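For reference, the chain that follows is the form predicted alone, supplied as structure tokens.
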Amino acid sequence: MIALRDDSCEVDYASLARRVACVAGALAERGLVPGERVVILAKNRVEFVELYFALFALEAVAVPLNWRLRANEVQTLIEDAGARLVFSEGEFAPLLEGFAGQVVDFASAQADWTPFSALTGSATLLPKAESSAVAVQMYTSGTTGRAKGSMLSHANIDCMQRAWREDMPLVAETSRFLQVTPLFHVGAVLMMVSCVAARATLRLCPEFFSDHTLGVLRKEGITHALFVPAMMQWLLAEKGVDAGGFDALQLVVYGAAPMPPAVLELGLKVFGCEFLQGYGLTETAGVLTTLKPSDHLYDGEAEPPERLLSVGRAVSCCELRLVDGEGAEVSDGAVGEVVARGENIHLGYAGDNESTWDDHGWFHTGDLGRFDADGYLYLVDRVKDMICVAGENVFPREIEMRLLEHQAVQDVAVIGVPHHLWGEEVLALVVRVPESDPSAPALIQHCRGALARFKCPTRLEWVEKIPRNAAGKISKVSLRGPYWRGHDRRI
């Protein structure tokens, strides 16, 4: 039974077990101890998955980083994690300049790095990791813009994959799951663990290209796939996509951003399979709610039901509430902040003493929503300033600080505004220093000098003044309002 396949190789489950044991043995022989952080910089590939499970077995902590980040951003996160060992693909060498620890190269392209293929240790039976031990440390920006390492335990991930497979059943030796979202995202880790737990085949693509993805869907008998809405739009825009060839496809999973109703309707028609939506956060091991395949069913001649605009109902491993600013539960139908409690909620943020939970043990998501009479959750806005660009979380504060470093910028506010493809795009509202005349491209390029491209503004507008409240904080709600007018939700 094939366990993993990428563009260049495949391994069966027996080989995967041997390889994981060998890699874990080699790392243990090199002195890696439980709790130690190991950074990973790579696109999706078989060895990435092998490394994840080797680290799980050793109770070491995987710290996967976004390879789209700039060198200074990567180095800051490596330092924050305290990692002395990094696994990387050779093309990301510029991101590691100045790193004093050991680097293992997945592709053996760097002469001064240890090749991954050389990691051969004693293939002994590995102990089962303690459920309370940290398995993964994933970085997500905090409300201040400072990246925080969300610590997910083995128990968090295990309970989540069990609950997830209740809504997305996988059949051993039959199901073939296509993974194109990156393995540094929590959703991809959930899919990886779910596939291995079910003994299904996980097909990895290094990154998403719509033409390549369609080819894999058609030629390799893929039964399940995960796409963010922007990917779905790119797929549906490909020439010849409506020609069929997706007979094996049973289920498409989507999430990370709202799916425009017209795109969902077209996707259901073109792919001719069931759809499943998942909503959650890194801190919740990826999922809080699901809109099940049965929820997507309706008479095609009738108007689509309102529930298709929702994110579904809570998964079995957690419970949800909506609360006001004082933490009290809101009345039926009212808007409140989504809070959650359950086994899938993370252990907290590494090195951060601030509590993740309120006094009653509820985790605050920062998302505002309402429940309908049937318990479906509808997201309407955010308490926090986070922007979601094609599934990537962007926090305005670090962009604002970067722009304020420019000598021609007197004041700035960064907000998320609607985008037909990405869900949101980054808009910078800038007050110029008197008698200065900076160009928008120059300021955007200034951001790109220190920030990942997906974080940088794609639009920039000049304003006379940034509105602030009595405490001096930017009134983001009033700034965002005109851009979101006519939209049912501001996320």
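Nothing here was measured: the structure is a model prediction, and the numbers come from that model. Each residue number is its position in the shown sequence, starting from 1.
Below, we refer to the form predicted together with adenosine monophosphate (AMP), which is not included among the displayed structures.
**Study point:** One residue of F92, F106, F271, Y279 in contact with adenosine monophosphate (AMP), assessed in the predicted bound form (non-hydrogen atom, 4.5 angstroms)
**Key:** It is Y279.
Exercise for review: Identify, from the list R199, R162, H296, K384, the residue with a heavy atom within 4.5 Å of adenosine monophosphate (AMP) in the predicted bound form.
Suggested key: Selected residue: K384.
Practice item. Give a yes or no for N393: in the predicted bound form, does one of its heavy atoms lie within 4.5 Å of a heavy atom belonging to adenosine monophosphate (AMP)? Key: N393: contacts adenosine monophosphate (AMP) in the predicted bound form.
Review point. Is the gap between E400 and adenosine monophosphate (AMP) in the predicted bound form 4.5 Å or less for some heavy atom pair?
Key: Residue-level check for E400: no, no contact with adenosine monophosphate (AMP).
**Study point:** Proximity of T181 to adenosine monophosphate (AMP) in the predicted bound form, heavy atoms at 4.5 Å
**Key:** Close contact is absent here: in the predicted bound form, T181 is far from adenosine monophosphate (AMP), nothing within 4.5 Å, heavy atoms only.
Practice item. Mark L96 yes when one of its heavy atoms lies within 4.5 Å of a heavy atom of adenosine monophosphate (AMP) in the predicted bound form, and no otherwise. Key: Judged by the heavy-atom cut-off of 4.5 Å, L96 is well away from adenosine monophosphate (AMP) in the predicted bound form.
Review point. Which one, 235-243, 359-367, 210-218, 408-416, holds residues whose non-hydrogen atoms are within 4.5 Å of adenosine monophosphate (AMP) in the predicted bound form?
Key: Careful reading of the contacts points to 359-367.
**Study point:** Residues in 308-335 with any heavy atom within 4.5 Å of adenosine monophosphate (AMP) in the predicted bound form
**Key:** Sequence-ordered list has one entry, V311.
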